[in-house]
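In structure tokens, the next block holds one chain alone, the form predicted on its own.
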């Protein structure tokens, strides 16, 4: 690891280089420090939850690998998240699923209440974190048919409507207690493995269910509702009820957030190109940032061209106050804390790179028809010393710079994770 003196000297040189282009790197870091990324709790225990000792089962969601040391209890999971957050610069949020409730007597999902998440709320409050929330519409006997909110069985449909309603109440309680709106997201796995005879019926039932779930008005200072689309899933390869078109139309009509998951589209589609389109019609959106490899495989986020493009669209469009960024990947083949740190740091790096762009200069070139200059500038920006700014930002935020965070992760694995059996 470079010494603090070397980091500071490298930053001074980088600051001067960016200043030549009209970019204030200090201002970029200040703006970056105000962006909160929502860390997904399910990376720490392979999407297991605490409803049963067996953990996740069914529902088209799968974490692969058996790396030792996964969290087995709520306290272990919170400790692991604490460790990850200590290695990530900035102040962030926690994204929680309903199946992570801590409840005696094991209430069913339509019986959950805010009190079942008191320990999570108290932990978040003690750490100065906001929280986001998700209903868990999978891995449940009433989801085995492949249909939940769009089920033709009225009892099943009503059960999941009730789950959606209690999840909104829980999210609102989180938002009230923590003083920051809780983005409460709704994703269902409903669909068909093979070609359906009726595409219309399930979508009409889904709309009816959503209208029932969202009937109660809850202030946006406490709760922000989001609906999440998908192209296909395991067991729903031929037909997904909640498609992109369905939820986009619903979000526009009902003024909810639209959740765009970077793994939920065809491999030749990119979410970066969708952001400005949907933001033209929606006040706010939610991003679930993942990395699909040939399919929605939820690999750990890396600093890819698409991640950089997403960050550029958010910054260039002046959407920072209108886009909520959450992560959604789970890898059980590597150290789970390292996965959190790698993915989150990469998301923040992408935002820093975007904030270090000479946006006004690029826009002026484009308006003037100077496409030669625009292309040349975009390519030159790729080799500018953003890494020196990143290292300085990390030290400024009192987190490890460079790869030194990995040493702390390995020490935690030796001292804590390895003792979990």
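Numbering follows the first chain given and starts at 1. Predicted, not measured: the structure shown is a model, and the values here were computed from it.
Although it is not shown, the form predicted in complex with L-rhamnitol is what the next lines describe.
A.B. asks: Is it the case that 78, 120 and 336 all touch L-rhamnitol in the predicted bound form, with a non-hydrogen atom of each within 4.5 angstroms?
C.D. replies: Negative, none of the three is within 4.5 Å.
A.B. asks: Have a look at 36, 61, 377, 384 for me and say which one sits with a heavy atom within 4.5 Å of L-rhamnitol in the predicted bound form.
C.D. replies: It is 61.
A.B. asks: What is the one choice in 97, 299, 158, 207 with a heavy atom within 4.5 Å of L-rhamnitol in the predicted bound form?
C.D. replies: None of the others qualify; the residue that does is 97.
A.B. asks: Just checking whether residue 349 would be counted as a contact of L-rhamnitol in the predicted bound form - the rule being heavy atoms within 4.5 angstroms.
C.D. replies: Looking in the predicted bound form, residue contacts with L-rhamnitol do not include residue 349, since no heavy atom lies within 4.5 Å.
A.B. asks: Does any part of residue 132 reach within 4.5 Å of L-rhamnitol in the predicted bound form? Heavy atoms only, please.
C.D. replies: Although L-rhamnitol is absent here, residue 132 would stay clear of it in the predicted bound form, with no heavy atoms inside 4.5 Å.
A.B. asks: Should residue 47 be classed as touching L-rhamnitol in the predicted bound form when contacts are defined as heavy atoms within 4.5 Å?
C.D. replies: Answer yes; at least one heavy atom of residue 47 falls within 4.5 Å of L-rhamnitol in the predicted bound form.
A.B. asks: So in the predicted bound form, does residue 330 come within 4.5 Å of L-rhamnitol, heavy atom to heavy atom?
C.D. replies: Yes, residue 330 sits close enough to L-rhamnitol in the predicted bound form that at least one of its heavy atoms falls within 4.5 Å.
A.B. asks: Based on heavy atom distances of at most 4.5 Å to L-rhamnitol in the predicted bound form, which listed stretch, 147 to 155, 275 to 283, 261 to 269, 211 to 219, is the contact stretch?
C.D. replies: Among the listed stretches, the partner-contacting one is 261 to 269.
A.B. asks: What residues of 208 to 244, in sequence order, lie within 4.5 Å of L-rhamnitol in the predicted bound form by heavy atom?
C.D. replies: Contacts from 208 to 244: 228, 230.
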